[in-house]
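Heads up, the chain below is alone and in the form predicted alone; it's given as structure tokens.
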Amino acid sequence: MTTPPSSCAFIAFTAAYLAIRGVFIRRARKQHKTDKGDARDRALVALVGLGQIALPLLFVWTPLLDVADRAQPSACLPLGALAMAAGLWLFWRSHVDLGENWSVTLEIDAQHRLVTRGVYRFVRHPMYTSFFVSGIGQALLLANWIAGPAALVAVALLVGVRVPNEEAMMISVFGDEYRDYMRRTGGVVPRLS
């Protein structure tokens, strides 16, 4: 069996995503950021892993999800690759702009500073934005009704549950500075005005 180009593109982007995340996880561990979060947060992160990686790879490498295959218009490959590339760039840039402030779980340490530069000038949660953009790419690249939209569903749940907690935590630490930042920027989608 030959792997379709769209699945090959998905695998390449996923490998790059995992490499980027691996670099920043190692950096966070060197800074002794080892908090694993609560059970709900760990479950949400696992759900995103299921939607972004496990189900898509199950689709690519096994026949288990073949029952949900769909037609794949030819425009999906370049559009999906473009969305995945944009999402991957934003994912990388979000990590770089956060620098030492990044951690896998919701935590703020004594040295934490409010980051409002780089991609954070436009949205408060560009990493989640990157997940949505990459999720659109995944839906376009993977011709399957389960594996294709799995990331979008998982990320929507993550954002719906996590963002209110994250925003409350940031307000409790940064107060009016964060409230002003909220007025200037969009949460996951940039403000148009």
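Residues carry their position along the shown sequence, with the first being 1. Note that this is a predicted model, so its numbers are computed, not measured.
Although it is not shown, the form predicted in complex with S-adenosyl-L-homocysteine (SAH) is what the next lines describe.
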{"query": "Candidate stretches 50-58, 140-148, 63-71, 127-135, one within 4.5 Å of S-adenosyl-L-homocysteine (SAH) in the predicted bound form by heavy atom", "finding": "127-135"}
{"query": "4.5 Å heavy atom contact, Trp102 and S-adenosyl-L-homocysteine (SAH) in the predicted bound form", "finding": "yes"}
{"query": "Contact test in the predicted bound form: Met169 vs S-adenosyl-L-homocysteine (SAH), heavy atoms, 4.5 Å", "finding": "yes"}
{"query": "Non-hydrogen atom contact Tyr120 with S-adenosyl-L-homocysteine (SAH) in the predicted bound form at 4.5 angstroms", "finding": "yes"}
{"query": "Distance check, Leu88 to S-adenosyl-L-homocysteine (SAH) in the predicted bound form, heavy atom within 4.5 Å", "finding": "no"}
